[in-house]
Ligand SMILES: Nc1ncnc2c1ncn2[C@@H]1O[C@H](COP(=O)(O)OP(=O)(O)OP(=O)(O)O)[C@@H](O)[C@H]1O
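Form predicted on its own, single chain, as structure tokens, below.
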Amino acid sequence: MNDLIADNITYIYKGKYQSVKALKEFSFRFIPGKFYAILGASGSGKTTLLSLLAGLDVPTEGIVSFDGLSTKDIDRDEYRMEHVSVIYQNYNLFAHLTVMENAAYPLYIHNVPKKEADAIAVSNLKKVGITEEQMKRFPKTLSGGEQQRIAIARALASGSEIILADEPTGNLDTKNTENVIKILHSLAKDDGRCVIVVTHDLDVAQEADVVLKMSDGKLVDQR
């Protein structure tokens, strides 16, 4: 697996009347097999950083690179499809697909035969504690914690080396938060993936291998 590197990246949001420097000269090397937590108040630049690491945009200055290639020079749609999975706070599940179909969706778009894709999805859903009865239902009929676990199972199906999570425990109670942290930790330690979590949750940070703290668009501390 390959390192994900942010090299002196700055990002400026340009509006009609003003420009805002949301990220300022951020540098860090993210490696496989590690669980990273990025902490910071709202407006500190952490969500902007996540979007750049995901290839949703490119830095105004500096370089984000994976496998030695800048995201400015590659097909970013392909990069996201092949190498990155993003787990959102609001889950981003497809309401018209069953739980099992949601978990199998990355495999469907990679043209994996349906029977094989469904079997992999079932296995991943069981790993995160979703029952076979729940797999037949639609996401909105399940709790927030269950929907978040479905989103994680979908990320598992993708096989992505990089797992990015944006406030994945923000809507969850204590028990479900613990379950999600355990799963994310396992993705790094047992599967060797690079797991990067943006969070306000200190419980998440306590379980991370590396904690990065951001303020006013800058990396101000790490442990």
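Numbers for residues come from their place in the sequence shown, where the first is 1. For clarity, every value in this text was computed on a predicted model and none was experimentally measured.
Unshown form predicted together with the ligand; subsequent notes refer to it.
_Please tell me whether any heavy atom belonging to Arg154 falls inside 4.5 Å of a heavy atom of the ligand, as the geometry stands in the model of the complex._
It does not: once the ligand is placed as it appears in the model of the complex, Arg154 has no heavy atom within 4.5 Å of it.
*Would you check, heavy atoms only and a 4.5 Å threshold, whether Gly33 touches the ligand in the model of the complex?*
Output for Gly33 is no: heavy atoms all beyond 4.5 Å of the ligand.
_Exercise: Ala205 in contact with the ligand in the model of the complex, heavy atom 4.5 Å_ = Ala205: no, not in contact with the ligand in the model of the complex.
*Is Lys213 close to the ligand in the model of the complex, meaning a heavy atom pair under 4.5 Å apart or at it?*
Looking in the model of the complex, residue contacts with the ligand do not include Lys213, since no heavy atom lies within 4.5 Å.
*Can you pick the one in Ser158, Ser44, Ser65, Asn179 that has a heavy atom within 4.5 Å of the ligand in the model of the complex?*
Result of the distance check: Ser44.
*Considering the ligand in the model of the complex, find the one stretch among 24-32, 47-55, 65-73, 181-189 with heavy atoms no farther than 4.5 Å from it.*
That would be 47-55.
*Of 3-30, which residues get within 4.5 Å of the ligand in the model of the complex if you count heavy atoms?*
The stretch touches the partner through Tyr13, Val20, Ala22.
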